[in-house]
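The chain below stands alone, shown as structure tokens; this is the form predicted on its own.
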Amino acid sequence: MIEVRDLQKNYNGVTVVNIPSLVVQKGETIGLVGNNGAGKTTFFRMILDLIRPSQGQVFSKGENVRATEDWKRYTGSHLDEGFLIDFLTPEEYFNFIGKLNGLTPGDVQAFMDRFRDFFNGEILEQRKYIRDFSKGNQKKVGVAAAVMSDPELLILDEPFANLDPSSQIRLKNLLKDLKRQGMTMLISSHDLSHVIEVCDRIVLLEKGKVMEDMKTNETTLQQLESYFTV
């Protein structure tokens, strides 16, 4: 699904991402972990062609993401609230995203009904603009909109951040459901336990380099905790 070759990003002479090779198979759920400044968001932005690599290439289904926009049809993503249209209500925003994806008003309504448990009575019918919601509820809107088109590939940057415990559990269950449906996912998170529970594989970045690439098992959390406490 995704292949990275000799990928580098440099800022002012400092290399912030340096990944010679990384392959994400179709249907895999990958957790990207690392401290602040590890290069996780920069890596995602290059996959989504939001910034240009200093060197190397990203391929989605064998196509260079810089050479075609075909990958956008099957890719959903949410990186931060800056990608939301915050002067709309959530309903207006979902209808806008639905139109972009060729969904009917009935499809959009069915989607919103499907996500009511995740929204927990805090998003819909609130008569508020997105900008007036908490960071956590803005996150819910962004994550839901990323899933609206039922993408083959979903990329989420820190989806558990700013969510209360109940919402984190709801999100974790949602991601598990998407995983069972065969969706390929790349998820970055500082919450090691949640990301391990959701993902089949963990990629650990430090200063832009892949330090570990491991399948998740009963010892993964202990391994990561040991790494980050040394």
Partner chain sequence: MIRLLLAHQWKEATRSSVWQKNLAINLVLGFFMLIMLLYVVLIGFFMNEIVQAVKPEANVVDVVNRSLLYYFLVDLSLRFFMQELPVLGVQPYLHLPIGKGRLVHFVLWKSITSLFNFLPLLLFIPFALRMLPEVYGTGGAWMWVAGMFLITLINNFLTLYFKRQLVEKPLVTVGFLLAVVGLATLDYLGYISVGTASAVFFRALGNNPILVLVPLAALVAVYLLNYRFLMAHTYPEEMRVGKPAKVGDSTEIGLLQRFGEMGTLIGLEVKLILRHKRPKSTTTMSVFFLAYGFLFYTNKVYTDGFAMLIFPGIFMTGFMMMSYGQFVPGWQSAHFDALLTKRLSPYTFYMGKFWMFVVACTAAYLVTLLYGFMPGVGIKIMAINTACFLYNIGVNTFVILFMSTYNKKRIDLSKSASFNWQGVGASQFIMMLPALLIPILVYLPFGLMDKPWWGIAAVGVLGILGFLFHRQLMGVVVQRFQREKYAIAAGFRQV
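Everything numeric here is computed off the predicted structure, so don't read it as measured data. Positions refer to the first chain, counted from 1.
Just so it is clear, the following notes concern the form predicted in complex with the partner chain, a form of the same protein that is not shown.
In the model of the complex, Lys176 stays away from the partner chain, with no heavy atom inside 4.5 Å. Heavy atoms of Phe111 never reach within 4.5 Å of the partner chain in the model of the complex, leaving it off the interface.
Although the partner is absent here, Trp71 is a contact residue: one of its heavy atoms lies within 4.5 angstroms of the partner chain in the model of the complex.
Contact check for Glu81: a heavy atom falls within 4.5 Å of the partner chain in the model of the complex.
Judged by heavy atoms within 4.5 Å of the partner chain in the model of the complex, the contact stretch among the candidates 45-53, 31-39, 192-200, 166-174 is 45-53. For the stretch 116-150, the set of residues having any non-hydrogen atom within 4.5 angstroms of the partner chain in the model of the complex comprises Arg127, Lys128, Tyr129, Arg131, Asp132, in sequence order.
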